[in-house]
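Encoded as structure tokens, the following chain is the form predicted on its own, with no partner shown.
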């Protein structure tokens, strides 16, 4: 199954909105075929592995990281191509959280194929954490990103923030954007920085999400060249939890699986106060302001634990990036 996971990872971010899936065919204790889902619309991992084997075999075992699908989409159901004359057993890594696709396990049993699993379930879920969050929590997977000076400011007092970090750090942000479905910023970011919020050619551009822009000249702002989704704050804009819940509910209805929140401070603080995020990406640059704009608008105590685990430390010349995962 761990070999199947390695196969799945070859799909990178190209499979969206489908999950990354890997498959391994084993016969008499030896691997005779492998396959993975390369991109959305392409054949699924099971078909890629099955196409490589000799149909004269029997009693083989298929290892697949996600329960074979049971629905018609861009391709036919994977359960249709798993032939009981070839396979006596299927081992799955995790069940499918998508109700439209789930049920493959039961279908295989009806066909007389033995089914085992989930096996290595945590690892199989981890490679598709955004997919599972979307279907199980009914909201996008949320990544918060901030860039700070060493003394903890996101901008000068007048709102100037170009550029805190260096070019290599910004290039990594462009890569992060290319791997997210949508990006959300606040009004002040649009007003002061006039960003494009694109991937700058690194990959696909995320869909831009904005709040209502009543006091901003939309003709002069770069983001309006990309047909952004504009949200109204509504009556609950002073309640971070209700505000964030409404935003995520709306984006879920738009089939957005991953949301990148780039700030500024008020917008980031809403998600922090609502305790509704999955990753926190912090870029530190070796600069000092003394006075400036803070990224957190609120008050906590030292006893309050945000439940963050440091997963990665990266160096971009003299900048440092810390990546935290929420428990």
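A quick note: this is a predicted structure, and the numbers were derived from the prediction, not measured. Numbering follows the first chain given and starts at 1.
The following text describes the form predicted together with a small molecule, which does not appear among the structures shown.
Between 291-299, 265-273, 278-286, 41-49, the stretch whose residues reach within 4.5 angstroms of the small molecule in the predicted bound form through a non-hydrogen atom is 41-49.
Taking the partner from elsewhere, no residue among 130, 140 and 180 has a non-hydrogen atom within 4.5 angstroms of the small molecule in the predicted bound form. With a 4.5 Å cutoff on heavy atoms, residue 98 counts as touching the small molecule in the predicted bound form. Proximity of residue 226 to the small molecule in the predicted bound form falls outside the 4.5 Å heavy atom cutoff. Taking the partner from elsewhere, residue 69 is found to have a heavy atom lying within 4.5 Å of the small molecule in the predicted bound form.
Among residues of the shown chain, residue 250 is not one whose heavy atoms approach the small molecule to within 4.5 Å in the predicted bound form. Proximity to the small molecule in the predicted bound form, defined as a heavy atom within 4.5 Å, holds among 157, 74, 162, 200 only for 74.
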